[in-house]
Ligand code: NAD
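Let's start with one chain on its own, the form predicted on its own, as structure tokens.
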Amino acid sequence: MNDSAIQPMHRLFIGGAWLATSQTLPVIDPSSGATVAAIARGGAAEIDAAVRAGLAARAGAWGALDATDRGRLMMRLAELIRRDTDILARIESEDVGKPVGQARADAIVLARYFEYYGGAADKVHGETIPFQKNYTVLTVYEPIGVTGHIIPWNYPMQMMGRSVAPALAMGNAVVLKPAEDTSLSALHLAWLAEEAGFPPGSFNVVTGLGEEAGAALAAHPGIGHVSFTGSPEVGALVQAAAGRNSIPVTLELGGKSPQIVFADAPIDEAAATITRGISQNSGQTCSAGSRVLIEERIYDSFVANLAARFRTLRVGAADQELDCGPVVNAAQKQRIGRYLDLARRDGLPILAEGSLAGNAPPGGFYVKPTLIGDVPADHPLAQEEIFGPVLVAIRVKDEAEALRVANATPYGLVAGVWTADIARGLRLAHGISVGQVFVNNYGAAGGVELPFGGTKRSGHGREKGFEALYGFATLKTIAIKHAS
């Protein structure tokens, strides 16, 4: 972490200035368990300073820019992200523990978010409304003001892009609180935003603990909208804090997403995609298809197909470029271990495991990808978000049972349906209570353009796509009376 291109990680970025704090937090490399750096420990005072800087930017240079110029700044930032793709990938890999190739893909997606929303900045149009003949009535979308963004540790770069970019495109000033476990790419992005020419205060980054900086951001009266991705429990606290100021929130709170496989599915393609979906990022993905619901008549052959694939998966240090890196921290490793212990206690068959590379550093937080079979639909492993490389297989008799089981969790984020019968695929797409359904694919390669969000305990509001812009805007109606 001594590369001169990696910018000051131990400081906050507030009002265009890099500021130190009296306390810091350690940065742990998940591949080794070693402390490799430190970040600033901001709290309520620093959050207040960042919000005030955002308000000043809205009243000053940032608020004075027209939409086209905002878009050009965002395009410039996208170019700089692409320039620094390798640096960002190395930062993210060491910080999060994901293989460098996956981290590089995340950096490319981050650039794509700023490119997409930079292009959209001057294309958010209101409308005229037919009314009485001596009135002209129109609507306009305006910035909310200062928006707060609390992002998780699993995909820091992608989460920054999908949350911060649409807010900036709409002309809001932003205060970003990254996860304390994975803040380094957010700080580098702040450096690039400064280089791109964003006015001071338009983009602020405050690192620190969730219960300190995050709680202060959610409750700050100067914030006009809060975007949060994380657990349902913390999401409820964020919503309650924001509710005291009567401001809207966007919540993405995880999932227990089903992949439904019928006998007429493209079997090998489905098995490969399902295996990749649960092993990518070591299963630490909100939309990971962590339940596979398999039509009974192909259950045995399909789980055998999956098991063969799981046995080829290898786990090791991020720089080894294997299928899985470590999970993010010791607490996450222990959490996943408790679920695996529960499976063994309850006699659920462990059908297959991946393997740990022999030269993986001994202090790393490694979890082998695990396939568990014949899991009852009401078992905790089929109901709760494990957030690790653990796939549970469930037998279903037919389409009706598949739909019932798919909907029988508190979550509703994403679902996959694998079948040659497109009519059945569409029936299930309409019937499953989730925010996204993929038929004969899963994830659509990330899809910056595709609105994303959940139902039920998975949260509310939409990110990604053009739809996200409206969440960071306020709609104003203007009625002009004139001579008829």
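If you're wondering where the values come from, they're calculated on a predicted model, not measured in any experiment. The first residue of the sequence shown is number 1, and the count goes up from there.
This protein has a second form, the form predicted in complex with the ligand, left out of what is shown; the following refers to that one.
Contact check at 4.5 Å (heavy atoms) against the ligand in the predicted bound form: none of G16, E46 and E195 pass. The closest heavy atom approach of I151 to the ligand in the predicted bound form falls within 4.5 Å. The shortest heavy atom separation between V375 and the ligand in the predicted bound form exceeds 4.5 Å. The ligand is not shown here, but in the predicted bound form it comes within 4.5 Å of a heavy atom of S231. The ligand in the predicted bound form is approached by E180, whose closest heavy atom lies within 4.5 angstroms of it. Heavy atoms within 4.5 Å of the ligand in the predicted bound form are found in exactly one of 395-403, 366-374, 72-80, 151-159, that being 151-159.
V238 is the sole member of A317, A265, A111, V238 with a non-hydrogen atom within 4.5 Å of the ligand in the predicted bound form. Only one of G224, G254, G277, P99 lies close to the ligand in the predicted bound form, with a heavy atom inside 4.5 Å, and it is G254. Residues from 379-418 that approach the ligand in the predicted bound form with a non-hydrogen atom closer than or equal to 4.5 Å are E385, F387, L413, in the order they occur in the chain.
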